[in-house]
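Okay, here we've got a single chain as structure tokens, the form predicted alone, with questions on binding and movement later.
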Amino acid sequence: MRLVSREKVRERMRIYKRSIREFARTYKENKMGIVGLGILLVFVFMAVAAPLIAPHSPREMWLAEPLSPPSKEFILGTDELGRDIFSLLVYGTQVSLLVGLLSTLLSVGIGGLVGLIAGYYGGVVDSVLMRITDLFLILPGLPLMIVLAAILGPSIWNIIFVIGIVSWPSVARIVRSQVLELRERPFIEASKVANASDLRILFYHIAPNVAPLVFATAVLGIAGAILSEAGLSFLGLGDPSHISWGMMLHYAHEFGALEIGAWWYLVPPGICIMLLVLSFVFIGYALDEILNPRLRRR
């Protein structure tokens, strides 16, 4: 029995390695995916190496005259408190990526679990869970996030929770549709005949087959989460104790940067938001093409 199980593990590892090599080869051929990955790696490097890249701490104030234009010492000028905008921009990468990743992880966790249970069990369980999902879907997303963020208060963790709790229904719908198809497959019927438990079938047989599609959806979800955080922060619902690109735009608007022509305070965070979102969109579309052979043949 041990020899058989070891052979199964080795065969499975060989299959995984072959799949990873095939995925890497196909991804390299996708120009959009390569561009998106390149942009994302730049921002990840900025977030990880922020203390080394940023010349000043985001808490250092009155380094120069407030709203000073770009100069040799401050390449992107200063804000209303005399802080170095370039340093704020670099440290803001950490918050944007953190919010995007954690809120998407929360939405995928909730939506994936709801979709698995609803699709597998069907009947009354499916009806109840899908009606709850439909309730969240028909509610306007941005107003709901604004209300929840205002009630919970300005905290980075509250922002993550709000975005995640509003974004899960679309994931649940996608997972459910896949599970409805998979549960009729012969290998699922064979597992039931072999007296496999529902938990084993759900998480050992069905979940791995749904995971690639969920992963591609999650990548696009990160882009939406980053935009949502920027929007909430711009409206003044962000965490003032953590600098983010959305908070930079909020303070720039509040202190009249547009009226006095302080473009160096408005343009850089806007460009960073656009590029980071674009990178995840490019990666998401590339993954969609790789995982959907019909798109590759176009």
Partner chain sequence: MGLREYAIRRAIECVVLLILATTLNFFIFRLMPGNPLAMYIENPMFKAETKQLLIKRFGLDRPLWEQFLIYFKNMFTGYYGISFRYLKPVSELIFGPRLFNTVVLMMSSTLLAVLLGVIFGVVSAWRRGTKVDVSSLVVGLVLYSMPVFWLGLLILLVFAYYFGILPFGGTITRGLHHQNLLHYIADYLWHLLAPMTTLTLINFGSYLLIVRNTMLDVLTQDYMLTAVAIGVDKRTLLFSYAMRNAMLPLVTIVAINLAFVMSGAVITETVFSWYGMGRLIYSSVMERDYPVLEATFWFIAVMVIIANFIADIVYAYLDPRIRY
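Positions refer to the first chain, counted from 1. None of these values were measured; they are calculated from a predicted model.
Missing here is the form predicted in complex with its partner chain; even so, the following discussion is about that form.
A.B. asks: May I ask whether Ile20, Phe23 and Gly33 each come within 4.5 Å of its partner chain in the predicted complex, counting any non-hydrogen atom?
C.D. replies: So, no: the whole triplet misses its partner chain.
A.B. asks: Pick from Met46, Leu67, Leu40, Leu249: which has a non-hydrogen atom within 4.5 Å of its partner chain in the predicted complex?
C.D. replies: Of Met46, Leu67, Leu40, Leu249, the residue with a heavy atom within 4.5 Å of its partner chain in the predicted complex is Leu249.
A.B. asks: Looking at Leu199, Ala194, Val125, Val147, which has any heavy atom no more than 4.5 Å from its partner chain in the predicted complex?
C.D. replies: For this set of options, the contacting one is Val147.
A.B. asks: If we take heavy atoms and a 4.5 Å cut-off, which stretch out of 203 to 211, 88 to 96, 128 to 136, 112 to 120 is in contact with its partner chain in the predicted complex?
C.D. replies: Heavy atoms within 4.5 Å of its partner chain in the predicted complex occur in 128 to 136.
A.B. asks: Should Gly82 be counted as a contact of its partner chain in the predicted complex, where contact means heavy atoms within 4.5 Å?
C.D. replies: Contact with its partner chain, no.
A.B. asks: So, Leu266 and its partner chain: in the predicted complex, are they within 4.5 Å at any heavy atom pair?
C.D. replies: So Leu266 counts as contacting its partner chain.
A.B. asks: Should Pro240 be classed as touching its partner chain in the predicted complex when contacts are defined as heavy atoms within 4.5 Å?
C.D. replies: Answer no; every heavy atom of Pro240 is more than 4.5 Å from its partner chain in the predicted complex.
A.B. asks: Does any heavy atom of Ile53 come within 4.5 Å of a heavy atom of its partner chain in the predicted complex?
C.D. replies: Result no; Ile53 lies far from its partner chain in the predicted complex.
A.B. asks: Taking its partner chain in the predicted complex, which residues along 178 to 205 bring a heavy atom to within 4.5 Å of it?
C.D. replies: If the 4.5 Å heavy-atom criterion is applied to its partner chain in the predicted complex, 178 to 205 yields nothing.
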